[in-house]
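Given as C-alpha cells, the chain that follows is alone and in the form predicted alone.
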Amino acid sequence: MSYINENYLKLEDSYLFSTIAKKVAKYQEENPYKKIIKLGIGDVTRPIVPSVVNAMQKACIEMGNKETFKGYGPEQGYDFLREKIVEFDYKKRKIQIDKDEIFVSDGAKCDTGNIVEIFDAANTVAITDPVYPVYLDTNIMAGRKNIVYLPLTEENNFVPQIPKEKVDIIYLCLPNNPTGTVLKKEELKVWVDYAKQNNSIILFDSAYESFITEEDVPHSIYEIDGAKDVAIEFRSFSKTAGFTGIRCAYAVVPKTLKGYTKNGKQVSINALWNRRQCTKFNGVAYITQKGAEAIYSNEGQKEIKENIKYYLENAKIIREGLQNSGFTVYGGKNAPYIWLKVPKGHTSWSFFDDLLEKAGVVGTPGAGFGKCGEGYFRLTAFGDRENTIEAIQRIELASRQ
C-alpha cells in the first residue's frame, strides 16, 4: 500500500489564486463579451527591458557554439551574477556580503518554501497574519504543528508584535505582501534583537524592496547591526525586473548564521543550505543568469527603474482613486500592493464577487491570506496604465450604486 503525506490533507482544498482563476473563468464564460480587468495576481505586465533581452539573445548564441556552450552550471549560481549582486545590492549600501553567501535560484517562492527542509519540524514558527500563503502552507506540508500567528491589524498599524511565547523561526515579508506596509529601521531592529536573545532565525522576504520610496525604511535586513547572525534574506528579480516568466531569484545565507542540533552543537546554516541545493537543485539556466546580470548594467538599471516608477504611479492612481471613493486604504507607497477595507456588510469574498459582477474588476480577497485578512481586499499595481485607470473608474461607479 502506498501511503500519502497526510499533512497535505490539512491544507485548504484549493490554492488561493487557483480559486480566483476558476471564479473568473466561470464569470467570463457566462459573460463572454465583458472586459475583465485583473488586478489580483501580482504578475507584471511590462515587457522585459532591452538590456536583458539583448544579454539573453547573446547567451543563446553562446549556447549554440561548441566553444562557448554551457552544460550544468554551479548549483549556487555563476560567479558573474553573484559578484554583481554583492556589489550592487549590498556593497553600495555598505553591507558586507561574500559571494559564497549568495545562492541563485528559480524563485523566492521556491526558496521560502524549500528552506523549511533544513529545520526540524519541532521548531515553533511565527508567521504574520495576513500572510503570503506559501509560508504557512509549506510548514503544514512539512508537518510542523507549532505555529504562532502574528496579527497585522489596523490597531497595531500592521506592525507585527513580539510574541509572548518563545519562537524559533520568524517569517517577515517587507515591504509586506499583502498589506503593502513597511517597518522602519528601529521597528525591524526589535526583531533582530529578539532573534539574537532567543537564538531564533528570521526568514526575511524582501522581494519588493526596490519599490521602497521613503527614508528610514530598510531595503535589507542586514542594514540592522547583528542581522547577519540571525537572518536569511530572500530576493527576487520577478517584480524588480519583470522575471515572473523567466524565473530568477536569490537567497543570502550568511556564514555566521548558526543552527543547533538537539545536543546543542552549532551547525552552519550556509553549509546545510548548500548541501540541500547541491542535492535537489541543478542551478538556474545560464541564459537566465546572463539576463539577470544585465540588470546591473548602467542601462539595465535605468530601464528597470523606469518600470518600477510606472508601477508606483499605478499604485498612486489606485490608492488616491479609492480614497476619493471613500475607501480606507493602506500600502501603495513603498510597495505595489494596495490593501483596502471592504464596505460594511461585505466579507472579503462577497466583495470579490460584487466587484467582479458590478465592475468586472478582479482583486484578491483578504481572507485568502489568513484570518486577520478578513474584511480586507488586495489590489495590485502591476496592470497596464489604461486598465488601471479604467478599473478605478469602474470601482468608483460601482461604489455609488
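Heads up: residue numbers just count along the shown sequence, starting at 1. Being a predicted model, the structure only gives us computed values, none of them experimental.
Just so you know, the form predicted together with a small molecule exists too; it's not on screen, but the next bit is about it.
Trainee: Taking the partner as it appears in the model of the complex, which of 26-34, 341-349, 58-66, 39-47 has residues with heavy atoms within 4.5 Å of the small molecule?
Mentor: The contacting stretch is 39-47.
Trainee: Within 4.5 Å, heavy atoms only: does Tyr337 come near the small molecule in the model of the complex?
Mentor: Judged by the heavy-atom cut-off of 4.5 Å, Tyr337 is in contact with the small molecule in the model of the complex.
Trainee: Does the small molecule get within 4.5 angstroms of any non-hydrogen atom of Asn177 in the model of the complex?
Mentor: So Asn177 counts as contacting the small molecule.
Trainee: Is Lys239 a contact residue for the small molecule in the model of the complex, using a 4.5 Å heavy atom cut-off?
Mentor: It does: once the small molecule is placed as it appears in the model of the complex, Lys239 has a heavy atom within 4.5 Å of it.
Trainee: When the contact criterion is heavy atoms within 4.5 Å, does Tyr208 count as touching the small molecule in the model of the complex?
Mentor: Result yes; Tyr208 sits at the interface with the small molecule in the model of the complex.
Trainee: Within 4.5 Å, heavy atoms only, which of Tyr132, Tyr250, Tyr311, Phe204 is in contact with the small molecule in the model of the complex?
Mentor: Contact residue from the list: Tyr132.
Trainee: Here the chain is shown alone; which of His219, Lys109, Lys228, Lys84 has a heavy atom within 4.5 Å of the small molecule in the model of the complex?
Mentor: The option sitting close enough to the partner is Lys109.
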